[in-house]
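The chain below stands alone and is given in structure tokens; this is the form predicted alone.
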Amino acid sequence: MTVSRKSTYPFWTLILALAIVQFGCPNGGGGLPDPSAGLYHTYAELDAEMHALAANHPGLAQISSIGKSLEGRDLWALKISDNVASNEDEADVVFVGGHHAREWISVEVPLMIAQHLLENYASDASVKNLVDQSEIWIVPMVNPDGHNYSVTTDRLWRKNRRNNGDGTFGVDLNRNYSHEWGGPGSSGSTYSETYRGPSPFSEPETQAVRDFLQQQAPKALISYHSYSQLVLYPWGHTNSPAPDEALLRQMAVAIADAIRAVHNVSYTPEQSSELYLASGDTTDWLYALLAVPSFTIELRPRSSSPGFELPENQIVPTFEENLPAALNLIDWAIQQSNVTM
């Protein structure tokens, strides 16, 4: 096809029209085609899926925004419980993902945990038992602005999209929490991938997670990341052991064992600082605040090849191997809550 600049429409208008014909026209015809992440979820797709889960399971699921990102996107949380509209005296367990934009698999695993719980509640007695005795919270994408940028512009973008005012953008949200903020494993340079921000909780995304977790006071938390196939527990800011190091290590080993039992894929349990020192991260902050077991699971792959760009055919097996560990953690939290009641 030859396009003449003397066509009825200007050249670039015609190119846009052809793109709309091929990919569809979003927002009632008012803009460019929606970005695509293949079988991974974009922010818009995640938004739609979480609302659909809540709509399709009204007695079990309730969606709410815990805050907004710098660019105004809602940070969605899905609550799952048998009396979901009530705040019952039950164990709260939180699964969170997407602190780092390029770690797309970290969004998929918590989302698929939510799907599994809701879609199997009526047919699986063990799932029903867990949901009936707990309040489960899924926050799959803490960094929607960065994630969107990684889809549309830079696949390996890590941080949020803070304009640092010096030609650089982004704060590492997992270095922006207040416990030992500014310590080793974080950077004061705006150019750094681990730039910690100008102050603790300077970012609206971490403020939202802080306020949410303080309100819910969970009994346990998993923060999903990628990659390296690790089960990490506090502390990350120091090589010194945490007060409950024996319990945390025992639980991390149990999580790794549950993962390996599914597809015989090994995740290594270790104190976070054994990977590298990291100050101001989510799990150190929550553990310091509430002394509850808080884990970072670094998902597939093991190595930098393929690194953050995990092939789509590994999404489902990565979820499958992490599901039993998540269910076991919910059960552990229920048992602890029953003991202390």
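Residue indices: 1-based, along the sequence shown. Predicted model, so just to flag it, every value in this text is computed and none were measured.
Keep in mind that the form predicted in complex with a small molecule is missing from the display, and what follows is about it.
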Exercise. Just to confirm, Leu232 within 4.5 Å of the small molecule in the predicted complex by heavy atoms?
Worked result: yes
Problem set entry | Ser150 within 4.5 Å of the small molecule in the predicted complex, heavy atoms | no
For this session: Indicate whether the small molecule has at least one heavy atom within 4.5 Å of a heavy atom of Glu103 in the predicted complex.
Result: yes
Exercise. Though only this chain appears here, would Ser294 touch the small molecule in the predicted complex if you measure heavy atom gaps against 4.5 Å?
Worked result: no
Seminar exercise, completed: TL;DR on 71-79, 172-180, 254-262, 110-118: the one with heavy atoms within 4.5 Å of the small molecule in the predicted complex is 172-180
Exercise. Considering the small molecule in the predicted complex, which of Leu275, Ala44, Ile315, Ala288 comes within 4.5 Å of it through any heavy atom?
Worked result: Leu275
For this session: Name the single residue among Arg162, Arg196, Arg210, Arg158 that comes within 4.5 Å of the small molecule in the predicted complex, judging by heavy atoms.
Result: Arg158
